[in-house]
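Before any questions on how it binds or moves, here is one chain, the form predicted alone, in structure tokens.
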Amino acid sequence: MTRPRGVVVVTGSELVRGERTDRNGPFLAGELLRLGIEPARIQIVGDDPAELEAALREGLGADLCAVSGGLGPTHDDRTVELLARATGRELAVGAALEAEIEAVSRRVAERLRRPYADFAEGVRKQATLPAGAEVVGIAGTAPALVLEAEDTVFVVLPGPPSELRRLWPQALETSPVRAVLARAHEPERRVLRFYGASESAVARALAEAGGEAPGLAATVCARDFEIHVDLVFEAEASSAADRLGTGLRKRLGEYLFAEDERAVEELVLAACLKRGLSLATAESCTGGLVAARLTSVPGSSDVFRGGVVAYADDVKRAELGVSEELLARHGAVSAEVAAAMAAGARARLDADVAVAVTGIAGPGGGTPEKPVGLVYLHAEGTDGSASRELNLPGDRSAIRGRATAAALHVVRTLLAQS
């Protein structure tokens, strides 16, 4: 059974210029896949009318086209106008919609102490929709809509990610979208996540295990030393997926750390919670990024005690108890100081487990003996410790990000051994 095809069109010149990162395209593509619609592409276009109209016309070749952005009141918000042109629909003002947007705009005008006349043109513009469009909700003054044209259903949503995500479920409840979903069937999906293995090693193991098969697609994604293998397959290819998963476990079992999509910080917190352990961090070059990832998880307060960002040597001495003699003999970027930082964090924050990071993130500060990218990690618990020395490539941001991920994996490894 062939799944319906979906495309995503994201508009906004700020995205094309690189001033902002697109968050809507990946979200919508993931939602399409979850719902059983095959995402064919994500297309990002600016506010140029010809470019946007061409993208919308291309969307007519899909079963469902999800569009984000360009629904505001200003001259460069052209999505609705160009959608009407691409689908050959007349534009008309919706009286009820105009009244609803006007009410919102009058409240804004009053709050800003501006005359409503400043808003009237924008209100009429946003209340003007293609014939046959169904309004599914309003974000501020921007209406989200669904339009069925030829054999394609367009779902048009506001650009701000929070507003888009709030209105997306309402669009799914409309009759045109439900008709597409009735023809959809969600594929099965499995994920295997490896740490410490190279991308080429995973690709080789994938090929040796038999590789893809009819109805089974395997993708390999590298991210901060982790390699994620996604197996997406139809029901009739489940045995092939089993064979591929078994082959990967056999060849790379020592590097396999998860078969679900929980981030490593979630795994660390869950392991601590299961053992009744508390956790703390001591960070230098990562500047609190390890603690930030841990505290991004809801419920982390059940485990995480706190962190010390000890950037300067005198802070390492005063807050973590790292001795002057140790710093003088080995330097702040050393395995010995990383171990002392972890021990200091455990004592200072009364934690069962602590992880420490110290390194040279660059671009300056490196020497031939200790180059930029050199990072030492140390995790200490009630039953032992684990440490790593890394030489990380990339710029300052990449080094800090990779060191953060590696620190979390050092803790995970320690907890797995206890």
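One rule holds for the numbers: they count along the sequence shown, beginning at 1. Please read these numbers as outputs of a predicted model, since none were measured by experiment.
Only in words, not in the display: the form predicted in complex with another copy of the chain, which the text now covers.
Review point. In terms of non-hydrogen atoms within 4.5 angstroms, which of the given stretches 240-248, 342-350, 125-133, 82-90 touches another copy of the chain in the predicted complex?
Key: Stretch with heavy atoms near the partner: 342-350.
**Study point:** Of E259, E208, E100, E186, the one that lies within 4.5 Å of another copy of the chain in the predicted complex (heavy atoms)
**Key:** Comparing distances to another copy of the chain in the predicted complex, the residue within 4.5 Å is E208.
Review point. Between the options A142, V155, A291, V322, which residue brings a heavy atom to within 4.5 Å of another copy of the chain in the predicted complex?
Key: Filtering the options by heavy-atom distance leaves A291.
Exercise for review: Kindly confirm or deny that D22, L33 and T295 each have some heavy atom within 4.5 angstroms of another copy of the chain in the predicted complex.
Suggested key: Verified in the predicted complex; spot residues all in contact, yes.
Point to revise | Contact label in the predicted complex: G331 to another copy of the chain, heavy atom within 4.5 Å | key: Residue-level check for G331: no, no contact with another copy of the chain.
Point to revise | Partner contact for T219 in the predicted complex: another copy of the chain, 4.5 angstroms, heavy atom | key: Looking in the predicted complex, residue contacts with another copy of the chain include T219, since a heavy atom lies within 4.5 Å.
Review point. Is F119 close enough to another copy of the chain in the predicted complex to count, meaning some heavy atom within 4.5 Å?
Key: Contact check for F119: yes, within 4.5 Å of another copy of the chain in the predicted complex.
Check your understanding: Looking at the partner-bound form in the predicted complex, is P39 within 4.5 Å of another copy of the chain by any heavy atom?
Key -> Within the cut-off, so yes.
Check your understanding: What residues of 69-85, in sequence order, lie within 4.5 Å of another copy of the chain in the predicted complex by heavy atom?
Key -> Contacting residues: T74, H75, D76.
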